[in-house]
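Each of the two blocks below gives one form of the same protein chain as structure tokens; they are labelled structure 1 and structure 2.
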Structure 1
């Protein structure tokens, strides 16, 4: 045994020869996973109304503070009654999109009941994504995303959330990113509890979402004027609106802002 203080415990070179480091093929650094997202998408916002669910997300992919990609679609339809909205890392979002496409292909293949009994329901899609997110988190290699699954199931609105830690929950109004701080209070003025859903029409819900997207464009430096919105209605089915823009903006309020709010100077 080598008794040199810097090599103590190793086999003696005189007996076994010098240790060949190529045996282990050890790299200079240990294996590293993603520790922070690079190209990211910001808020996804959604809410229930009396006949369905509405969800929206802008089309911007930010490279740090650079508004790099302006045509990123972050609302992914799955089947005829489900939309998945994803914020966070764009490359991880593309991986999730591939997983969803594989799931649709597997479900549709040689299946004559794909539009009836064996159609993909929102709860199926959500449970699959929740399992994927928790599995990746458990491997210390998470997908850096927050996901909202919206849809209609058994003629009832479905809305649930899962994040990179595998944390899941449900609410009549959901938002990710900056939207959880800015848009969620606005939506809760309209729908705060499950009891409020029956009182809320599609027109009211749509106007609330449009107003929330405007506030996010005002206040979130990583947001875009261009966005997409999906409506999953019990009567009309899935309606995906792309290329929408924030309208009727007024920046008059900005001139009086000092620090963190409007002040009289």
Structure 2
């Protein structure tokens, strides 16, 4: 699968050949909807550990190759046990934020237990988003995003993915976009299977996420150094850290590199 947001939702060229643009310039029928993302956010990465779950995303809104908005928050807390991380189109992300806000308001109606047993849980938030995503793709008008919902539910970590096609899946480690290529293999070195979760502490998981964000900043041309990270911990609750920076990068080795093969000076 190609994880570049601009290629999402299109029939792959290998299978169907290049897209015939004449189709898009056809008259009013069939109706054309969102055909591409405009301002985009890149990867969201996340992993479980023995007492919770971590999720991270950078703060960039790209406009094509222009790094246009440098202060976009793509981790959205919902209640105090869920964080939704969104990549892809930023206008659709803001629409999803509005939907989640509405969801919270409606959960408050005639509910005496909003702070306790009827508080929104990650699985509720996820099921709602997955339904929205699938309904929109079925109307041929998708929300151009890949979403990861992370949280704690019944003292167990929750982590699940849904994208513009309405496809959903779970895993102890999840990533969208470039992160699926670059960060997932790194995170899987720590947590590969369900039973690895128990062996992984918060400290190890946090370091893995920081390391992955660094690699993404090295190799994703649509990423930024500034990012946010949320930890949903069984004991400490929800901690959203904003304005973090990729640190401890390795660039010194550049001075020893000369030419591109045989050159010595």
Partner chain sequence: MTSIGTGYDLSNSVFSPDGRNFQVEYAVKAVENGATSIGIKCSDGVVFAVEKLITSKLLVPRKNVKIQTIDRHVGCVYSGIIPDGRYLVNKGREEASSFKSLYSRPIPVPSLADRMGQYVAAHTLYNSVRPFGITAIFGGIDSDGPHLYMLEPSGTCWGYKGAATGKGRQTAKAELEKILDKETELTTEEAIKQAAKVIYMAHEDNKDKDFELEISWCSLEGTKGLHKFVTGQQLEDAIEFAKKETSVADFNDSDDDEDDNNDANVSSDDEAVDRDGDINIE
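Between two forms, the rigid core is defined as the largest C-alpha subset superposing within 1.5 Å. Residue numbers count along the first chain shown, from 1. Note that the coordinates shown come from a computational prediction; the quantities given were computed from them, not determined experimentally.
- Comparing the two isolated copies of the chain, the first one is the form predicted on its own.
- After superposing the rigid core, the Cα of residue 247 is displaced by less than 2 Å between structures 1 and 2.
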